[in-house]
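Before any questions on binding or motion, here is one chain by itself as structure tokens, the form predicted alone.
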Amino acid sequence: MFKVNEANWDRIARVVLGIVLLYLGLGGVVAGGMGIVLDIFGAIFLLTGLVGICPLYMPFKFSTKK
């Protein structure tokens, strides 16, 4: 259905960044509204890294995968 448009290095970076952002938001390091924003971005980065598809790349026909 959808073609993977992220290289392995891109996927690893997104998963690591997603975990760090989720830790900061859910771990109570950053509280309040900014903590919620970090949770949302962390979940998005983690999900796109695990799936390998970035929806923002699609309209521009951009891919980090060779």
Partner chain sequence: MENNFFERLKQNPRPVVVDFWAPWCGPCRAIEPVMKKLSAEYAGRVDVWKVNADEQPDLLRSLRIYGIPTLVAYHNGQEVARRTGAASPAALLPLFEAALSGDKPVRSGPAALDRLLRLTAGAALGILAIQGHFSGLYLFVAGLGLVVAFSAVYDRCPIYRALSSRLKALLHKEPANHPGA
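Numbering follows the first chain given and starts at 1. Note that the structure is predicted; figures quoted are calculated from it, not measured.
One more form of this protein should be noted, the form predicted in complex with its partner chain, which is absent from this view; the next part is about it.
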{"item": "Non-hydrogen atom contact Gly33 with its partner chain in the predicted complex at 4.5 angstroms", "value": "no"}
{"item": "Tyr57 within 4.5 Å of its partner chain in the predicted complex, heavy atoms", "value": "no"}
{"item": "Non-hydrogen atom contact Leu22 with its partner chain in the predicted complex at 4.5 angstroms", "value": "yes"}
{"item": "Contact flag, Leu46 vs its partner chain in the predicted complex, heavy atom cut 4.5 Å", "value": "yes"}
{"item": "Contacts with its partner chain in the predicted complex - residues in 11-32 whose heavy atoms fall within 4.5 Å", "value": "Arg11, Ile12, Val15, Ile19, Leu22, Tyr23, Leu26, Gly27"}
